[in-house]
Structure formats: structure tokens, C-alpha cells
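The data below hold one chain only, encoded as C-alpha cells and taken in the form predicted alone.
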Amino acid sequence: MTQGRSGKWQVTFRVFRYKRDAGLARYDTFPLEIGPDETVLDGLEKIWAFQDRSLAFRHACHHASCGTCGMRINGVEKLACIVPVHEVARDGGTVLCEPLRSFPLVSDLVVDVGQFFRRLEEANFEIIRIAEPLPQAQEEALTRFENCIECGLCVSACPVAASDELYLGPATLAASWRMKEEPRSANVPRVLANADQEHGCWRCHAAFECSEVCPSNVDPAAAIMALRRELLKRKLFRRSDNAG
């Protein structure tokens, strides 16, 4: 990566391209000038604005709170809006951008997340949490949210999700554990029964890749292990009761 007289870096974006009506997928390269503090999402927006209006990608908040811009950057699941280009440009200033794995492709860097959200609904997951006790004047102005931003990075990084399309996935299983911890309006026995199945928490291979890429410190791998402990405990208690 070289720096020009303007103070900007000369980089090359190598971007995965796919259109349903255009045949096979390919990679396109785009030379760019990038400022020292600009992100991968900034680069993609420049490509769209000045080089190729057909480039498809998602973005919204630009500060890692919506999860919309999740993709693989140099083979690692990240949120493009918070990844500075200077941290990931390699091999002479190249940034590789690819769509998330284990999701159906829609176009270029856009994937279909419909099934992902449907599985979160099966866990009765609610993004708004119960507020901690506070003085009345403050509580009325407080809305508390879950750490999970529903970005799907954990699913893309998960080796099991890549081989089992019926696997509930780390986000759904982590959500199931949260609803066990703080049920809100959830039917906890039903949520646990949904996780306690062949394609649920027992399918996890404990690779911990999901927690490695999570941008919000949800630690879905730990949640899955907690789910297993809880389900085992309940099974043992039931056997003990039946034996008695």
C-alpha cells in the first residue's frame, strides 16, 4: 500500500461479484485512493459512487449497531463500517471483500438473511431487554437493548452451519440461552425444546469461531455450552425423579 502526495493511500479492492442472470461468479478489482482513517465500507461506497453503480452491498448505521454491513474481509467475518482500510490492506495494498457464507446469495455482497431471522423468532428473541431498576424519572427515558445486533457473522464463521443447512446456528442458540436467563414473554420450555434437538445445541462442534468474530461480545459459544449444561441438568433431574 503506497501513499500519494495527497496523503491518501493507493489501494486495490478485489470484490466478489454475482448476478443471478449473468452466469458464473467472478472477482472484479477497483483501484482507489483512501484516506488514512477511512473504512472498508467507505471504499465500497466510493466504488459504487464513482466506478460501478451495479455493485450491490448493504449498509445503514455506519457505527456497528445495526449489523447490516457484515461480510468477509480478507476471509474473516467483519463489519465493514468499523474496519479501517489501512488495517486490512495486504499484498501490496489489496482488500478482498466477499459475502457471508452459509446464506443464499442474492447479488454481489448481499445475502438472503430471511431464514436467519425466522430462526431467531423461533427462539422468541426480543432485542429490547428489561430495564434494571432505576428511579422513576430515569426509567421512563431508558430503553435497554441486547448486545446481539443480528449481523450473522457468527453463522458465516461456523463450520457446522456450512455443512448443515438445518442447524439452528450460534445466533439462535445464544438467543435461546438469553431467553432462558431473562424470559420476558418467552415460553422457556418451548425455547429449550427447540434447542434440544439434532440440529440444535448438540450439533455444535465447539470450534468457538462464532465468538471469535462476534463484534458485540455476545460470546455465542459460551451460551451454547451453557445451554448444554442446562439441558443435561434437566434430563438428569427427570431421570432421578422417574427412578424415585
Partner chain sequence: MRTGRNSGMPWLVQAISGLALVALLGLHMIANHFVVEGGLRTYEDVLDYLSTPAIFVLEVVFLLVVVPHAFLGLRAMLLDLGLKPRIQRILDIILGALGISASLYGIALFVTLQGRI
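Numbering follows the first chain given and starts at 1. Bear in mind the structure is a predicted one, so any value in this text is a computation, not a measurement.
The protein also exists as the form predicted together with the partner chain; that form is not presented, and the subsequent description refers to it.
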Please tell me whether any heavy atom belonging to residue 199 falls inside 4.5 Å of a heavy atom of the partner chain, as the geometry stands in the predicted bound form. yes
So, residue 232 and the partner chain: in the predicted bound form, are they within 4.5 Å at any heavy atom pair? yes
Indicate whether the partner chain has at least one heavy atom within 4.5 Å of a heavy atom of residue 164 in the predicted bound form. yes
Residue-level contact is defined here as any heavy atom of the residue lying within 4.5 Å of the partner chain in the predicted bound form; does residue 22 satisfy this criterion? no
If contact means any heavy atom within 4.5 Å, which of 31-39, 61-69, 202-210, 176-184 contacts the partner chain in the predicted bound form? 202-210
